[in-house]
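Next up: just one chain, as structure tokens, the form predicted on its own.
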């Protein structure tokens, strides 16, 4: 039995550590320093570093080093130790289940059958049924996305809830994702203010949102 998932989840039982992890995740793929995490959490730098290093040990974060001053050469100082989320995914199921395998098989079957439209329709209907509230950020976060402002009237999603499947079946899963986000907006009435678009780019979700005044861009 592989205990890596259990080790990773166990590392998040501490409240301060869990909050530190959320701070790093909220930055998307951008490296975060211990000083930033300490300030955000209102704890000391040493305590923040302790919890960040525990998250590294658990395989949830990885370390990079960089001189944030932009200087180099003699006198530039030591590079800062920075943290960012690993690409690894962790899951724990007791007793063991294989839902990912089932999802992969279903996706492959849909592609073979050419039933993309049926999947997109189902995703949009699901999103419409789940859409609620008047805060677009809270709506998206409640469904596993990490919305982040990206300029005036634009939101990028730092996390794709379907990441692994999207890597295996890009047109199918990204299309499903777009349909579901549009459904969420429609179900909450936020489609009058926001439009979801396919806007793929490395390191983030393939869907972005633009506010109504940018709909014609």
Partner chain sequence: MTGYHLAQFNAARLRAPLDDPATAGFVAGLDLMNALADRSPGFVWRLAEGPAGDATTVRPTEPDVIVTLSVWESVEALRAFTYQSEHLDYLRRRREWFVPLGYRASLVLWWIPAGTLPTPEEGVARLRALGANGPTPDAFTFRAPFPAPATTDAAPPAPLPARPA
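Numbering follows the first chain given and starts at 1. On a predicted model such as this, the values are computed, not experimentally measured, just so you know.
What follows is about the form predicted together with the partner chain, which we do not show.
In summary, the region of this chain contacting the partner chain in the model of the complex, judged by heavy atoms within 4.5 Å and restricted to 59-67, 173-181, 30-38, 154-162, corresponds to 173-181. For the three marked residues, 11, 23 and 145, no heavy atom of any sits within 4.5 Å of the partner chain in the model of the complex. When contacts are judged by a 4.5 Å heavy atom cut-off, residue 134 does not count as touching the partner chain in the model of the complex.
Although the partner is absent here, residue 77 lies well away from the partner chain in the model of the complex, with no heavy atom inside 4.5 Å. The partner chain in the model of the complex is approached by residue 117, whose closest heavy atom lies within 4.5 angstroms of it. When contacts are judged by a 4.5 Å heavy atom cut-off, residue 121 does not count as touching the partner chain in the model of the complex. This chain is displayed alone, yet in the model of the complex one of 138, 106, 129, 113 has a heavy atom within 4.5 Å of the partner chain; that residue is 113.
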